[in-house]
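The form predicted alone is given below as one chain in structure tokens.
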């Protein structure tokens, strides 16, 4: 077997930069999810390959390429512990595309790289389809098309011409893509399930709480979810978005543990009254199972979602992609007015706690109070009247965080107050637990929806009182009522939150942020949310009665055929063969008069010499006609040239 040459001759120098650009732009959305070594390896291989082509060097040997491929494969396997799924698959595809550059010596190899570029672009949509995904898709495909055309371009063809041709071809394909998107029958569930990459951390609440957890989260402006109410938006004091419940304390951290599976189901322990609120929540991916809803949810539409025994909603599988669901909530409610004694003991338990000063203070205040409610009021009054401060930059706490907060620092965020309050309640024998979620939200007047950000993360308490059941108490409202009334972001905008550590954006930046958020909400609603229901209503709006699979498919076929015919006719008109000029037609008549046939590639002068020798026509007439033909065909365009040509043809007899 003959060895394959390893050298390069520079023939790919014109198209190689475009191929590298196509690979680079296809890798761009994957970079935040890829290990740094893969991105570095890609940049290194691209630079190495360009230098090889520029300086006519040798490509790496087969042994070197094989060794690099094995090392990179093991690197991906070691990083992800798998090679299946969006994350490992994209990483493996990216690193193998980089290594493929090192064996690219023909245009056929470049075609393979451009196919890989298309796969990388499409695989980025398996993670998320953001608002910028559409311009990214258009731009990346335009670069790939240009790279494709540059491989077959002539020496005189410019990159601008290839770019223009690629854009024109994409415009031809655009109506077909829109028709397929609108009319192809939508499914409620996908054909297949792809494991979603979880290599990048997702901001959100965790299932534990210790001092500083929520305050660090509150520095983020990342959107947690958006809410669109069917009617009026409730007041901020009612916007408590319930997430998960923590009921176990080890002296420093609060964590969750499930109640014993006895008693009535959670939803049957709830009694509601007053006005209800119907709304739709669009929840961003959290990689967790918590489903957020305004207290107290009574019905919800999200599949595989249950209500836990502490009235928290959770999904059976983690939420790896954006989901939308409808909820009906009642702000006025009572929960579990009868609590068994063993559960009361569980909700007053303080395992491993050494916060002795706080426990002694709680017992002392309870003895001085006439009732449990009076004791609760006394604790809230202590937070309100004494030198306690609400801040995002609390001082560090020692091994006994409750003692350190209540007696020493007296500065903290919502988790500090919720933790201290729950500890004091339990120390006094009152069942208490902590609820984690969000509070408030910012109204976007441009989109008419509510934005709940990570900065709205909040912790509050629920205490159990005889005949009242679980009753919400928010100790933060005693220290910083503005946080509850205005919300974290609005308080910062009004200047109230400056002392807490919140920074407010400028007015222009705020308007731009809300505009971008409104566009994102519409994108999520109409593009990403274009499912069976929206497709049906849209087709009915277009005039299709009772849209069914059969009608949609037949309409799709008809529209696609019509568009293909239209585009084909347009391209035929644009690229049709130009009509023959009069000089060429008159020359064919001259050839016919000679009784001879022109040879392939024979010039007019060569034919004239052969005709003078082989035909019976006079040589002078043949030469005169040939000179007139060359003048009419290749000389300046004048009416006299064609007139002389006709006269010369008439003289040939």
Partner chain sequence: MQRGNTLEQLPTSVDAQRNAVKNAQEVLGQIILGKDKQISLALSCLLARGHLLIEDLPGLGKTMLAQSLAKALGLTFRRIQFTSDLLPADIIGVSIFRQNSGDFEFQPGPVFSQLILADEVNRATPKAQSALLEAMEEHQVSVDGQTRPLPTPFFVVATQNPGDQIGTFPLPESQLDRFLMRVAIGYPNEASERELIVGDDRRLMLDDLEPVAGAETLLELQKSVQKQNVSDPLIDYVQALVRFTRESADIEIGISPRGAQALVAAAKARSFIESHSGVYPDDIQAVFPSVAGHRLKPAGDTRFRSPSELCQHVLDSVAIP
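As the structure is a computational prediction, the values presented were derived from the model and not from experiment. Positions refer to the first chain, counted from 1.
Not pictured, yet referred to below: the form predicted in complex with its partner chain.
**Request:** May I ask you to check whether residue 613 falls inside a 4.5 Å heavy atom distance of its partner chain in the model of the complex?
**Result:** Residue 613 lies outside the contact set for its partner chain.
**Asked** Would residue 600 count as a contact of its partner chain in the model of the complex, using a 4.5 angstroms cut-off between non-hydrogen atoms?
**Response** The answer is yes: residue 600 has a heavy atom within 4.5 Å of its partner chain.
**Message:** Check residue 642 for me: does it contact its partner chain in the model of the complex (non-hydrogen atoms, 4.5 angstroms)?
**Reply:** Contact check for residue 642: no, nothing within 4.5 Å of its partner chain in the model of the complex.
**Prompt:** residue 630 near its partner chain in the model of the complex, any heavy atom under 4.5 Å?
**Reply:** Residue-level check for residue 630: yes, a contact with its partner chain.
**Prompt:** Pick from 40-48, 23-31, 603-611, 53-61: which stretch has a heavy atom within 4.5 Å of its partner chain in the model of the complex?
**Reply:** Answer to the contact question: 603-611.
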